[in-house]
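First, one chain by itself in structure tokens, the form predicted on its own.
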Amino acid sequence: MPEQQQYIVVERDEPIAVVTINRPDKLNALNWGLVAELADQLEALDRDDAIRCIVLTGAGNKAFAAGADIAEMSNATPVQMATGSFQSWDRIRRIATPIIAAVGGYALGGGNELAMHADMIVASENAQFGQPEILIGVMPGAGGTQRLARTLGKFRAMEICLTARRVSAQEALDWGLVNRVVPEGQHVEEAKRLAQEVAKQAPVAVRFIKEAVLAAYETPLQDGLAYEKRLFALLFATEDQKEGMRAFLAKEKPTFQGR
């Protein structure tokens, strides 16, 4: 049975879990309580060895998350904005279990930033991505400028953030912002299929790969290569490495235990 909190629904289908932002009456807009609750639920799944990949989506087909809750933010002080939900965003960023965002409809502002916190994105044909903060006199504050620039390059990031231009699902695919586009309404099922593919791999190797790829955004090439080499060598201390290579030589399917 799905586990429902105030804003978040968690459905376990081991070895994967589906986490749904459940505020469809507000197009799944992200308020501070919702982001904190999301971080809580993701951290709980991250600690659970039975869950090897997480699908993150929004209730309904109209929006993954249509942005931050402007009513909550409109009278906030600089101190509130400098603290507020940002600790929760940092907690989401540190989740080690791979996350696949299943995006249907709007992924705007904080919604787009949340999707970019994931490790892969599956988009419905009706998905739209963007950073419209400039239209209300502010700017992205949960990683939008940085992740867009690293993913799409300076010029596309500038256009999206400075003009509030919305990016269609097909454009996002062509530009490398999403992994695949599927017919409208099929994004969650496709993300679950992709999650099952990830979940059947060796769990420690999966986490190390996520760690190494994310490090590539923050380290010079030589440092990144050295980091990758250390993680690669460490995997030879795992039972899964022995099992994987044994099964390969025996022409059998491996049984990975996450050890």
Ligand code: CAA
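So that there is no doubt, residue numbering starts at 1 and follows the sequence shown. As the structure is a computational prediction, the values presented were derived from the model and not from experiment.
Quick note: we don't show the form predicted in complex with acetoacetyl-coenzyme A, though the next part is all about it.
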{"item": "Residue (of L27, V204, L42, L194) lying close to acetoacetyl-coenzyme A in the predicted complex, criterion heavy atoms within 4.5 Å", "value": "L27"}
{"item": "Listed residue (L225, V213, I70, L234) with a non-hydrogen atom within 4.5 angstroms of acetoacetyl-coenzyme A in the predicted complex", "value": "I70"}
{"item": "Proximity to acetoacetyl-coenzyme A in the predicted complex (heavy atom, within 4.5 Å), stretch among 167-175, 147-155, 129-137, 115-123", "value": "129-137"}
{"item": "Contact of A142 with acetoacetyl-coenzyme A in the predicted complex (heavy atom, 4.5 Å)", "value": "yes"}
{"item": "acetoacetyl-coenzyme A contact in the predicted complex: G104, any heavy atom under 4.5 Å", "value": "no"}
{"item": "acetoacetyl-coenzyme A contact at A66 in the predicted complex, heavy atom, 4.5 Å", "value": "yes"}
{"item": "Proximity of V182 to acetoacetyl-coenzyme A in the predicted complex, heavy atoms at 4.5 Å", "value": "no"}
{"item": "Neighbours of acetoacetyl-coenzyme A in the predicted complex among 222-252 [non-hydrogen atom within 4.5 angstroms]", "value": "none"}
